[in-house]
Structures are given as structure tokens and as C-alpha cells.
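Below, in C-alpha cells: the form predicted on its own, a single chain.
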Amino acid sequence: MKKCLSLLLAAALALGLTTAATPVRTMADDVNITLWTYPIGNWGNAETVDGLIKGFEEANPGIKVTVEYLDYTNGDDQVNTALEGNAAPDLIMEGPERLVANWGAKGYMVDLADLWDDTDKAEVNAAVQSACFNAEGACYEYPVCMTAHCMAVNLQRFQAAGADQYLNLETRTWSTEDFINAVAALYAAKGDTVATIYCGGQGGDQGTRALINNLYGGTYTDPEHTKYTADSEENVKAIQLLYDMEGIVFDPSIVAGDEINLFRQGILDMSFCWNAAQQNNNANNDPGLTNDGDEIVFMAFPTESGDPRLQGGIWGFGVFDNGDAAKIDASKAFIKYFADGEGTDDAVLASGFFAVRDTAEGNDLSGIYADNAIMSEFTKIMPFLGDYYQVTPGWAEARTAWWNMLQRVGAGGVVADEVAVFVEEANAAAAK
């Protein structure tokens, strides 16, 4: 098994000792590392993570791991404060928009390019690889799992309103016209809010971006990820459509997590912030059901072209450069164990998402969800994965500008004007 060896083991190799099954470190050179993780599936669950860490520590005597759990409300502030105070963690688990385009671009992270060999490059999804490296070839994230973000509908509500005729349940796709007709039918039957454009903060903002970009084929950035292009005619048309639709409400008081709860409670008939992990989880009922037992059907976002482009989610590990070679070495061992080693299948299963690679050190990962009907069905929309534009410079500022723009539109602002302000603000951040 490929592992990042410590200097001690390198010396052992020089003496001709056999090390094929030797742990990365021995108790003679103990090292303690810290992992901060955002709530990526059950990587935000202490009981699950404790079990994962136990397996790693047993396989690597001498390395001890302390974990701190972040959320998407305050997590970025916690990391930035730690960086300013020279108290950053050794490891962090999140996506390229933070690890590559933010902290990596600012020089805080260790280049992990040395962890990739030709086999790794052949095994890992090419689009994922591209998102984890910067233009100069430095890798600031070693990826573990991925998904296609999508939306979901309450099937029984659709059936009761006669709106299920607009869903292609075989392909999980529908057209923009289908979406318009479905919302109209649901609103006529209900006389109340069908869905919300949540815009109370950054959480889950990928859903509103994907909905707006897909409706008429707009884009969010240029293909090179150098500037923001959300002020296109197509996007202006899409936002105006949503604003004008009866049954669709721009709500500045909620974020995606609130929207998901309202959907599960049956208050909303559809959710714009969904993925495989959401489909599998429901504390109040069986997976794939609302709290009241209605069937949840995941769908690609509606498109006029018939070719949905879903925003992908990529998650993996990065290492902060705290100037301690021993901790960097141990952190790399941790990454290889969970991202390309004996712990990879457990790491992926804990995330609730899909592996970014088909094989990890000879271990076939293609069948880890063979007994999960929901995950097997979800693979239908994985081919719709679109461009991973979250690595565009100025991403953090652009996210804030996006939900502020939606709030202004919801308050009655002229759509074209407000989207133009968003693009101006986002591109100013990208140019810094």
C-alpha cells in the first residue's frame, strides 16, 4: 500500500529492512495532528468519525488525530481566525472552492502533487483532478468523494395536482415548460407557496445557481474560470421567470437547510437543494420519504435544451502549512489512508456520496453501494455533472454577492440591474 513514509522509515529502508507492512510511524516518534471537517455527510458525525479515526490510528501507531467539527454558518470565520492567529489545523476536509481557490491561492496550504502517481491520475475522475490543482500544477486538495447536486419533488403532491405528467421518472429530467406547468398546477391545487428561492445566506446556494443557469442555458462563469458571467440574457430571463411565477417566493429569511426542512415537513412541494445524501437521510422517516411518508423523487434541474448541467460537489483533504514537517508527513499519511488506501471505502460511505475514483490500491470501489437501491438509482443523474466553476477567483465574495442579489430581486429590484451589480462585485473580487 502506497503511503507517505516518515524519515525514520526512509532510514530503515536504507538499512535494507523490510517495511512493506510497517506502519507509517512507530511509537518512538509520536505526532499529534488536528483535523477540522465541515459536515460532509457523516463526516460531521462524531460517532462515525471516531470509528474512522480509530481504524487509522490502529493502522498507524504513533499518529494521534484530534477532530473539530465546523458548520457552514461559522466555519469559514473559524478557519480564517485560526490562520490569522497562526493556529490553523493540520488537516481540513472540504471542497476545492475553499481549499484550492481560497486558502491554497493565498499560500496557506501544502502542495500535495507528490501524492499523485500515474495510477492515481488514471483512477480519479478527470474533472475532479482539474478542480483540485491550480493553474501552476500545485494540488491543494486530495479528493475523496463527489456528487451531483439536484432538486427533489414530493411525488404524492404532484400526483394529486396532476403535475406528475410533467416528470420523466425514467431519466429524472424535465423541461423548463414542464417546470412552469407543474408549478402552475401545484399552485392551483394548493393556493400557497410551492417552492422558495432561499436567499438568507450562503448555505446551499448551489441550488439557486443551478436552477437559474439551467432554465434557459445561462452560465455563471467563463469556461476558463477567470470571470463571472451570470448577467447573461438567459439568466436575467430565468430570474424574471421565477420572480413572476405564482407559487415561487423569494425568501430572505431562510437558507437551504431551512428549505429542506420545510420540504420534508410537507410545507413546500419541491426542494432546490438536494443530493444523494439528502435522499438517503431523514431522521423522521425512512430514506426517500417526507416526514409524513410521501415519496421524494430526485430530479435534474429543468432545462429548455433537454441537456441539464448539474453542479458537482467535490470533497477531500487539504493540509495547512504550519511549518512542522513531521505533522505534514503524518497528515499526508492520513490522506492516503482515507483517499487512496484501506480506509477509502469507509471514508466514501461515511460521506454518503460517490467515490472520485474507481479503484484505491487495487480495492474496487465501484460496488460499494451495490446493496443501496437509492444510490444505484441516483447514478442516473451523475452523467449530468457540469463544469466545476467554484474555483473561480473571488469565490467567497461572489457567493455573498449572489444571495444579496437574490434578496434585492425579491424586494422588487429590476432583475437586469441587480444581476449587473452582482457581476460587477464578483468580478471586482476576482481581480484582487
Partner chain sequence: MKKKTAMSRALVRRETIAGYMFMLPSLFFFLVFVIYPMFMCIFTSLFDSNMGRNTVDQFIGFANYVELAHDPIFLGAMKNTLVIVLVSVPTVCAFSLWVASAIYDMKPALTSAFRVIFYLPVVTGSVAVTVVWKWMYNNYYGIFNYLLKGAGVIDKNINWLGDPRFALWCIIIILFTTSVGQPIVLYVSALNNVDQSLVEAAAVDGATRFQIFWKIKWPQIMPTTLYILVITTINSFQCFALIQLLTSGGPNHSTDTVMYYIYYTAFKLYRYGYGNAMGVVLMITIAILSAVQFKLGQSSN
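Positions refer to the first chain, counted from 1. No experiment lies behind these values; they were computed from the predicted model shown.
What comes next is about the form predicted together with the partner chain, which is not displayed.
Within this chain, residue 284 is remote from the site of the partner chain in the model of the complex, having no heavy atom within 4.5 Å. Looking at residue 388, you'd find every heavy atom of it more than 4.5 angstroms from the partner chain in the model of the complex.
Contact check for residue 325: no non-hydrogen atom falls within 4.5 Å of the partner chain in the model of the complex. For residue 113, no non-hydrogen atom is located within 4.5 Å of the partner chain in the model of the complex, even though that partner is not displayed.
The three marked residues, 173, 175 and 376, fail to reach the partner chain in the model of the complex, with no heavy atom of any inside 4.5 Å.
The partner is absent here, but in the model of the complex a heavy atom of 196, alone among 351, 147, 213, 196, sits within 4.5 Å of the partner chain. With the partner omitted from this view, the residue of 291, 168, 219, 80 that lies near the partner chain in the model of the complex is 80 [heavy atom within 4.5 Å].
Here the chain stands alone, but in the model of the complex its contact with the partner chain, taken as any heavy atom within 4.5 Å, falls in 251 to 259 among 226 to 234, 157 to 165, 251 to 259, 341 to 349.
Contacts between stretch 358 to 389 and the partner chain, counted in the model of the complex as any heavy atom lying within 4.5 Å, involve no residue at all.
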